[in-house]
Each structure stands twice: as structure tokens, then as C-alpha cells.
Ligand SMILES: Cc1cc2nc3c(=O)[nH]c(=O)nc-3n(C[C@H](O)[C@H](O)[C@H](O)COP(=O)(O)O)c2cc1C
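Listed next as C-alpha cells is one chain, alone, in the form predicted alone.
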Amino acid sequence: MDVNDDACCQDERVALKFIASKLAPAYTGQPAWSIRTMPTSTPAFAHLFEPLQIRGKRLKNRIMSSGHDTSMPTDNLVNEQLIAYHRARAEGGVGLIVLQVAGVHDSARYTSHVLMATDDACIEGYRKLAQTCHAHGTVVLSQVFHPGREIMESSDGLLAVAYSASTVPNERFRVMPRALDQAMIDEIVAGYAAAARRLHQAGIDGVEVVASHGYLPAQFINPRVNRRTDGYNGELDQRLRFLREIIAAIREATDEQFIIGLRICADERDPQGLTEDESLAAVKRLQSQLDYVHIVAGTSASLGGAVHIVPPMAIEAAYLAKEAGTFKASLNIPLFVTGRINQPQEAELILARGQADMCGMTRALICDPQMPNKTDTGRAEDVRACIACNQACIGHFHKGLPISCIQHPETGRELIFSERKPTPHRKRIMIAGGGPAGMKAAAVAAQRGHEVTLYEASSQLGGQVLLAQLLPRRSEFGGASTNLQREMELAGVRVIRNTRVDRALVEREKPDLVIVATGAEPYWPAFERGGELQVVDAWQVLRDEVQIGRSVVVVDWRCDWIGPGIAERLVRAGHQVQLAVNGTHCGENLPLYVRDQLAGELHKLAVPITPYARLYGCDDNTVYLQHTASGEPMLMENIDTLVLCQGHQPVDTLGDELQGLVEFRRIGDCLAPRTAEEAIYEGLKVAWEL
């Protein structure tokens, strides 16, 4: 249900308010926090913009940027890039920013670019960051963190010595940890306290102890990981001893106004992980020491569990709402929830139902830092909604690069694109092509004051986005086109459909500049072909232009989402499908969590996957492949249809026609076929430079 729909009648709103009022007595007498009912300029989002008091801090709304690694720090310290990133979200109106993890001990360096709070050198950077966000009325917390056995990488390429509650290995990173002895436990607990003291000294409003995703505190809580024989194992209270010591040490090192929260997984979504019952029992016993509990899902310890760290679009939006409601009903302190809450309507409904007190909307804010302000001022339809593609946010992080967003490439590049300055010289600009590259260039150029006309050869804008949204569980990708069209509309771009730009049109219109964004088309490689086997490409399949045979081979050169998506689509349509990938594994070029979720779906569907497979040829009913490492042949027999997912080639005849006629720039796939991320970024960049 969308709270803005007419179907959400006034009676239902009154009922939801009534339910919330009945829950209020459970919170009476809790000095650390309170709910205040205040008038808002956006009645449709009354709960979202209701302030929340936690200890001495007033959160102006219920929107949170939850802790997430940005890969921006240098030398493990806060820098100007990170400050600029958070400034953009604070300026955008977010109520609470929880900063990415701060390591509390030298053994907590789970990546080479993690922030560390183990030395007083960190204080000045945190102080500047806090002051920057406070200037916009945003409360700022920092996560304090030790990964235990969950070590991803080291700074020098050597395998680190990892520590855990017990010598129980990590499956995902293949780490065999060393069991902590008492001296090191005491040292790490002291590290939490010292880190909190430094953050407090820097003006940070509080800390969030990370016990989520199978990290060190969760390793102590989990009876399948904690196999100790001392006072840190046994019944739940013994397994909570480590966390209790941490929380108590932090409180002693700070003061009574310093916020202490806990992030924990409602369910780690793994057979060896914490269950909902175990997590709920833990937080119920810890709540007297805490100011709030923040629930998420998944675990870093396994591929299937890790998908939930940053759930891709294949996972339902706001999918932890039910679990949040269970936790909230059992606690007498605020309950925060994060889990693919991408739009303000979703957050409002969670809050209105009384399922949580604060909603983590991190990727929504990465995609549109102004989302809170837009929503609060009645412009929710202008919000650039996150599509959970994971390509430039967590996808960049896993490459060790600063995070960004394919739809909003300004994210992570705030020091370059922070202020969109009007152009001093207005130009007449013609844009050829209404795909992502052309639309982004048009919107930004028009925002800067240029007179922009975009021409699209077909009746629909969107380019390859229109095809991407047709694959199973990727319909949300179509939002990239919807969002860009709205940006163009707001900027005043003139759009002309069903018109192909050619030399004659340019001669008639006499623009000052042409931006060529004519895209790409499927690439058909040269291969040995004999007999009558049907051969088609992915675009023909998605457009339903061909009748596919029963037995199908999909050959995937790119190793992205197209080949697996085509395979899944055809299997669900009743075909027998084999997938042959020219890589070490299916989805090799995809963000990890997208890849692993997709691999899981294909396994459920029993789709055979052949890696290291290069297309060699075909005849009447056989597809011939070559192993890319050994060079040996591989045959797939009794095949009716071969589907080519072999990448794309540029469509650039217009560029050749315009040589010597007018100034022009190529962007996106017509320059070189890549992804929507590069196309949209190049649209931004070329328009920025005009």
C-alpha cells in the first residue's frame, strides 16, 4: 500500500494513529527518549517527519543514513572527500547520519581503507565532520567495530591474523581465526572505550556498537561459533558478557548524554548464523544498557547470508518490516530498521504501522541526497528513487573504490560536482539519443541554462534500460529511465520522439553543439556456422521477435546480468536451458551480492552452467565451445536454439556524418559500449563542461 494513494483513506490514518497511541504507554518513564507529536508541512508523511528525542539529542525526522563503508578515507582517517559526501546528505535534510565503522583495535582492519579510531590523530577529522553535519541540524553517530574473523583483505597483500571467540572458520573469506585469550579480550574492550572517548571528544553524538552480520560481538553471541570453555560461553547471559563489557566501558569513557545503540541482525539468514529468536532474546536482555536497537539481516560469513548486507533489487523492498514489528513489540527502547527501504512512502508506512521508530534509507540517500527535503516540501514525486542495482555503491566498495551511484554520479564526487553553476554562455544544444547518456546530458545542460532539445528515434525514451527491465526480477531497473525523464522535465528540456537525427536535420536546426548518444546494438561475433540451428540474440528474445526452440544454449561473453537473465527467463517459460559463460563463473562482472543472489536462483531452477566457455561454432543441432584455459573442445548436443549474449557494438554513423559540419561530442555506448553507469556519468561530465 502506498500512503499517498487515494486508497489510503482518512479512517485508516486515524486507526494507525490510534494504534500508535496505544503503544505509547510502553515507553512511558524512559528518560533516554520520547516521541513528540508536532505539526508538519507534509501530512502524507506525518510519521516520517515527526521528531524523535534520544537522550539529549533531537532527531528532526525518522530518516537515517545507516553506517556504510565509502572507501573514501585516506590513511584510515576522515578526509575532505568523506566530509563533502556527508555534507550533501546533511544539507539534504537527513535526520540521523551513522558514520561507517571505526576500528577499535589494530586487529580490526578488515579492509585497507577502514576508518580507525585507535589514535588521537582521528579526532580532528571527526570533529570537522561532526561540525559540518551539525550545522544542518543532523545528529551524527559513528559505528564502533571489530570484525573478528570477517577479514576481507589487508593493506599489504599478506593474510592477516584474525581473531574470534573460538577457532571456528569463516566460510566466505576462508579465514581460520585464532581464539581470543583473556588479555586480548580486555585489550579489545578497552579499545572500544578509547575509540568512543575520542569520538565523544570530537563532538560525535554517540556510537553504534556493530554486532550485526556475524562480526565479533555476534561471534560471541552465536553458540555455533562460540565454543569457549570460560565465562564467555554457556547460557545466553554468558555469551552476552563480551557485549555487556563493551557497552559498560563505553558509558564509563563518555557521559550520560552520549548515545549508545546496538546494530544486530534480526536473522543472519544462514544455517550457522543467529536466528531471530536468538537475536531477540539477546537485545531484550541488553536493552537496559542501550538507547536504541538497530536491526538488519544477513551475515558476512557466507555468500548467501552476505547478499542481505546490501540486498539487490531481486529482494522485496522494505522486506524486514515484519521482523522489525516483532522486535519493536518486545522492546521498550526505540527500534531502527534498515533493509531496502528505498522510498519515503515505504518508510512512512513502516512508521505508521508502528513497526519501527527510525528507517535506514542509505542507498535512497546515495541516489538522492535531497530526498528528505523534497519529501518534506511536498515534492515526493521528484525523488530520484534508488533501483538497488548495487553497481556503483557496494559494487565500487568491493573494488576498493569510492562509492557512487549510477543514477547520481555526483555522489562520491561532491568535491567536483558539488555546485551546479549556471553557464555564462547559453548555447543551443541538440542531443541525439534518448537513452541514459542523452537524458542525463540533457537534464544537466538545461539545469545550467542551455537551450536543449533531445531527439529520440523511437517512441520511447530509455534506450537499453527498456530491455533491462524485461529480465526476471529486474523491472525496477526501469526506474532509471523514469527518474531521468523527470529530471529533464523539471529542467525544461524539449523532447522530440520518433525522429532520427541526421546531417540534414542538423543543417536545418543549426545548433551550437550536438551531443551524440546513439547507443549500441548487439554484437554478433564471427564463428563457424553450418546447418540450420536457430541463432538469435538477447534483444530479439526480450522483444519477443522470435519463437525459441525447446532446447536452448545461452552463450554469455560479457559475464554480466544479461546471459543469466535470459537463461532464467527462458527456463521460466518452459524451455530446457544451458548457460555457457566465457569467464570463471556466472556473473563474474556483477556486484557480488547481485551475482550471488542470481547464482542462487539459477541453482534453484537447475540451470546447468559451463564456465571457461568460448563460442566456436554450431551446426544443425550442436553448439561447439572451446575451453578458454585448455583450448579443448566442449560440445552441447541436441540443441534447437543458440542465444547470443556477446556484448554490443557502437552505433555511430551520425558522428561520421557530422565531421566538419558542427561541433559535437560522443558519449555513452556510441563512444564505447559499456554500462549505464558510464553512460550517465559521461552525460553529466559533458554537460558540466559546456
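As the structure is a computational prediction, the values presented were derived from the model and not from experiment. For every residue, the number given is its place in the sequence shown, counted from 1.
The form predicted together with this ligand is left out here; the points below concern that form.
This ligand in the predicted bound form is not approached by residue 292, whose heavy atoms all lie more than 4.5 angstroms from it. In the predicted bound form, this ligand sits within 4.5 Å of a heavy atom of residue 360. In the predicted bound form, this ligand stays beyond 4.5 Å of every heavy atom belonging to residue 62. This ligand is not drawn, but in the predicted bound form it has a heavy atom within 4.5 Å of residue 338. Listed residues 397, 126, 242, 561 were compared with this ligand in the predicted bound form; 397 is the one with a heavy atom within 4.5 Å. Shown without its partner, this chain lists 110, 220, 327, 258 as candidates; in the predicted bound form, only 110 has a non-hydrogen atom within 4.5 angstroms of this ligand. Stretch 389 to 397 is the contacting one of 421 to 429, 389 to 397, 596 to 604, 186 to 194, since its residues have non-hydrogen atoms within 4.5 Å of this ligand in the predicted bound form.
Applying a 4.5 Å heavy atom cutoff to this ligand in the predicted bound form picks out 309, 310, 311 from 299 to 330, in order along the sequence.
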